[in-house]
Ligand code: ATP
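Single chain ahead, by itself, as structure tokens, in the form predicted on its own.
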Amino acid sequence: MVNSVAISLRGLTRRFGDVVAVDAIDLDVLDGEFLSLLGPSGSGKTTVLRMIAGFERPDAGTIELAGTDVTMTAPYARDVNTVFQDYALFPHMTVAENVQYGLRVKKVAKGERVERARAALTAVRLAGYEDRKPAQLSGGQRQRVALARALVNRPKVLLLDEPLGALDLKLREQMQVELKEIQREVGITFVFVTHDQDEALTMSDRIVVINEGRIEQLGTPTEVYEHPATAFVAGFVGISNLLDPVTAEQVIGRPGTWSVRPEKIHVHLSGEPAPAGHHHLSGTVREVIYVGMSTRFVVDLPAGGSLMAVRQNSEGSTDLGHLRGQCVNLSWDQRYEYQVSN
């Protein structure tokens, strides 16, 4: 079954003086999907989100929500809600009062407000917290209250502007899993803005990689990571080795710039030859970096430049520092190399 389109952007453009923040973007967001807009600071991703919400007016192009043109429609008249990084909770109100606030503004009857707020808090795993104040909650709990306040209005689309950015690493990782579970349960279209590749890879059905106001690649997390379309995507989403045209010509036998992920490169510690059908080259280990589950090797190449390889610490000794300065053979399966420029 083909999903209907929840959001359609055509030729969407936004300029700030001489700077083109968003440059003629075309994008369809499917109904019920979790789509992430991923890119570095200043790439235009938040400006796209703000135009969908109605907080910014495009200089050109159109925005449709469920087939209706809302390009010039006021924010309050669009069937979307936005969750921000700073939560924006009222400190003097209880959790229940914060969640009910939007319904109260819309003059929804008290009984319905209470029931809908209770259901929203249950959806974000905060049943029983109704009478607490924001100051009595952890950062993750406050973020979930903000999420419940947005969900209680039953929007067609929920826009999330780096909502996990203020949380510490462990809590952020926990919230990534919870947020995806909540999205799946409520079935609402989520558009999530982030500069964090791990967040995008963990939660998204599809990822839009944005750079300098343009879409570099659109695809599933697997497609974007395993098959980067450009050198920018290869370098921004995860760590990637880029083989320059000279090295690529020597090793791969074809021109252009090629990407190979570090975990795809096998380090032959005992000097054994590479398997048949694999591309291979030799180099000198400059650095060995132990990072718990894996060990990273920085290997300098004879012709200049270096490659990074990753070895999982799944068995045997993990103390490999003695390899610094030694010559090793590197190899990778040809299936894991991708051309990112001509």
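As the structure is a computational prediction, the values presented were derived from the model and not from experiment. Heads up: residue numbers just count along the shown sequence, starting at 1.
Here the subject shifts to the form predicted in complex with this ligand, a form of this protein not shown in this document.
Novice: At 4.5 Å between heavy atoms, only one of the stretches 64-72, 276-284, 302-310, 45-53 reaches this ligand in the predicted complex; which one is it?
Specialist: That would be 45-53.
Novice: Considering non-hydrogen atoms and a 4.5 Å limit, which listed residue (Glu216, Asp205, Glu162, Glu199) is close to this ligand in the predicted complex?
Specialist: Flagged contact: Glu162.
Novice: Going by heavy atom distances of 4.5 angstroms or less, which of Leu320, Ala21, Leu330, Leu9 would be at the interface with this ligand in the predicted complex?
Specialist: It is Ala21 that has a heavy atom within 4.5 Å of the partner.
Novice: Is Pro40 close enough to this ligand in the predicted complex to count, meaning some heavy atom within 4.5 Å?
Specialist: Heavy-atom contact with this ligand at 4.5 Å: present for Pro40.
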